[in-house]
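This document contains two forms of one protein chain, each encoded as structure tokens and listed individually as structure 1 and structure 2.
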Structure 1
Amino acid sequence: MDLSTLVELAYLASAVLFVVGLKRMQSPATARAGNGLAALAMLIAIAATLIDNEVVSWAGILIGIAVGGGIGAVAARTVKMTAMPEMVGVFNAFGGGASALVAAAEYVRLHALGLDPDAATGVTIALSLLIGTVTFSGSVVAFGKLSGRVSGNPITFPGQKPFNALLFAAILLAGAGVAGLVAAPGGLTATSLLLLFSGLALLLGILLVIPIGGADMPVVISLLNSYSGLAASAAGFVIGNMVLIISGALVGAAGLFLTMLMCKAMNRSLANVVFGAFGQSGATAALASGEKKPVRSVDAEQAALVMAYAQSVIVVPGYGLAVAQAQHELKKVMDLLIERGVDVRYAIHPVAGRMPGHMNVLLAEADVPYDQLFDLDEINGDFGSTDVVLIVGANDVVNPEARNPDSVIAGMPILDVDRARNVIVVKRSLSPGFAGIDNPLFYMDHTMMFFADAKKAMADVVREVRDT
């Protein structure tokens, strides 16, 4: 068997390991091993590539791997669990960017050799460049929104739609030029055509993401993840490499399906997320009407008393807990209550935290036992027979307005916390959540508002429960 057949077989083994690895990520028990298998698959693919190709200069390759590996390792080790959405966003940007650069390099190589790519190759180069670049700039904007460097509000400007249509037409024209299907517009040289096309694609990525609100960013990150897979697949077509085509397609399909699952959890359609500019209006109107209603506010001592003498407590952790990183303090409060004989459970909304499944990661970090965590469907019927619900930094996911068919969040699956005997809401102010609407729960007779930062509030409650 010659070397190239061996290398192809190594690629095949790598593709199979990617599939098995992803499959194992379906269950918490095997997920870590699955991730390890996928990493092994990547290592095999890289080794096979280096064996197969006559490497002219190792210097560049080693520098690239050392620099990238160092940055990646440090970032992965130091990132806070609460910053996971940003991290995935940034990694996405690099994956997409790398695919675009591969296509660009192939384009430059062909033109330097004076070879005109055939139509099929030309189209794959243009597609790979487009998807990779859009993934890159879109992910950078999504990162900016999640980390607060760019406003989380939907950004729109007058004439946006006609402008986008025009941009899209320009991209099609320049893309056809890159693909060699039409003469370069305005007689541009190959290099300036490449730069023009990439510039337009960068702009498109930015414009696609800025009108989307911060609350929808996790869905967008997942969608961009799907794009980064497609970009890798397209790069595979460009250089005729099957392992790229397979792995890219796996990620593309998995990402798209995951995106749709998330949309379902929020009762939104994908089209609605991408074009909706959610939470833009209505915020101010809803606030104005809510400002004068009376609320009952409590302090740490009262909150501790109510919980310490309860029989059953359900905690609903949300975005505010994630931001304040209060998961460890929350765990301490609950452990003390359990010691006192209180029945404690955690209710996890599918989109609690900053992205789907994120709350499970945060609570796992704080060592909360798995059997105390319950999904929305499992626990929603139990609120009516619960003494106290403690809401820490959650808002939209517990807003009874979702049952009102006229509300902007109508039909969104919520935790039915208002049916419990007592509700304690830990929140810094009465400000509305992502959806930008007021929450009638805060003004109900059996609701106690505990205005404080989640972390400080939980630390205070720990002391009070100990003294009770």
Structure 2
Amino acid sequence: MDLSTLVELAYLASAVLFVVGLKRMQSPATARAGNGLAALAMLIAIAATLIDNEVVSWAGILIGIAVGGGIGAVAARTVKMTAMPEMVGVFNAFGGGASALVAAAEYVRLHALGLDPDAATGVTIALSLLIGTVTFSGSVVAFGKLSGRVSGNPITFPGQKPFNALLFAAILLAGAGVAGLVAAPGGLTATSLLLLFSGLALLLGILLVIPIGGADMPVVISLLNSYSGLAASAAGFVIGNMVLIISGALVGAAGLFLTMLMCKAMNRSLANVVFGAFGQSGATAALASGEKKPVRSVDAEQAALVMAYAQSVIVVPGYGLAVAQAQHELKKVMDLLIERGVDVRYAIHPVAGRMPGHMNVLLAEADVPYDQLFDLDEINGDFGSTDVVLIVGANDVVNPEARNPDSVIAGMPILDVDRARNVIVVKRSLSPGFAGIDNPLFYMDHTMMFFADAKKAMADVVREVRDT
């Protein structure tokens, strides 16, 4: 069997592993194995490509695996759970940037040889450059917003939409020049045209993300993930690599499906997310003008008593749980309650946290059994017959204001925790969530506010439940 046949078989095996890996990622129980299969598929594809094109030797591949694997292992072990969305944003940027570089390299190679690419190749080069570059700069801005280096509020300026329209028109003209469909504007050289096109695309990526508020960042991260897949697929067409086309298409489709599911969970259209400037300062200002209302506060002893003598408890985790790293203490509390015969379940809202699946990963880290996790649709009808709902660090996803047609979150599907017999909210203060609006749940008669850091609060409740 010759080398080319072995490479084709490696590509086929890689494509199958990508599909199987993606299939296994749909369940928390098999997601880790699915991620491993997808990583193995990418390793096989990269090794086959490097060997087939005689780019590096086996020794070079092994060194690359050791260095890259070492960096990945250190990053995975040291990154904080709350920083996972930023890490995904960086990965999206790397993916988009790499695809753009592949397209740019092919463009430079063809012109260095004095070859004019055909229309199909030219268009795919331009598309890969455009999508990859927009993904890169957009992901960098998303990373900045998530990490606090860039304001999480929507950033707009007068005449922004007309400016974006002009920018897009300029990108189309430059892209047509890169694709060879029209003569280079202004007599630009191939290299100058490439730099101009890339620069305009970088600017477009920035301008597309800065008007989006922090509340919509989970959706933006999913959308950029889809873009990075599309950019990779386009790069696969540029260099004629089938496995890159397949893997990119899978990532692009998965990211798009997730984006649409996230939009459905927020009851908003994708256009509204991208152009709606949700979470702007006006909503926070409305909160500041509201009247002060009394709340019913409890301590660890009272919270433990309420839960210890309940028959059923539903936990609603949120971003505050991740910030405090309180998942392990929370698990201890729930284990003690289960030992006392309490029925314990966890309700996961699709947009809880700052990244799709954030809460599932967080609870998996504390070894919370998967069969105790329930999605919004599965558990929402059970709150009316539940004794206690324990909310740890969640806010907007349990805000009854979503039922108010005049609210900025009107129509957003929420967990109906206010219909439970008792509600305990663990929170540092009454500050609003990402949406920037007050939460009437905090002031209801059957709601008890437990003002504390989530980790310390859960640790105190553990002691009290043991003594009860």
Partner chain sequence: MGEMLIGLYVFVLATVAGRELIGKVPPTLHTPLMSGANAISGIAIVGALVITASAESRAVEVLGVVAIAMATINVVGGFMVTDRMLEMFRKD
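Numbers follow structure 1, counted from its first residue as 1. The term rigid core refers to the maximal set of C-alpha atoms that superpose within 1.5 Å between the two forms. From a predicted model like this one, the values you see are computed outputs, not experimental measurements.
Panel number for the form predicted together with the partner chain: It is the first structure (the form predicted together with the partner chain) rather than the second.
Using a rigid core alignment, state whether the CA of residue 313 is displaced by 2 Å or more between structures 1 and 2. After core superposition, the displacement of the residue 313 C-alpha between structures 1 and 2 reaches the 2 Å mark, so yes.
On a rigid core superposition, would residue 339 pass a 2 Å threshold for CA movement between structures 1 and 2? Yes, its C-alpha moves 2 Å or more.
Does the distance between the two CA positions of residue 111 reach 2 Å or more between structures 1 and 2, the core being superposed? No, shifts by less than 2 Å.
Report, in Å with one decimal, the C-alpha displacement of residue 377 between structures 1 and 2 after core superposition. Its C-alpha moves by 3.8 Å once the cores are overlaid.
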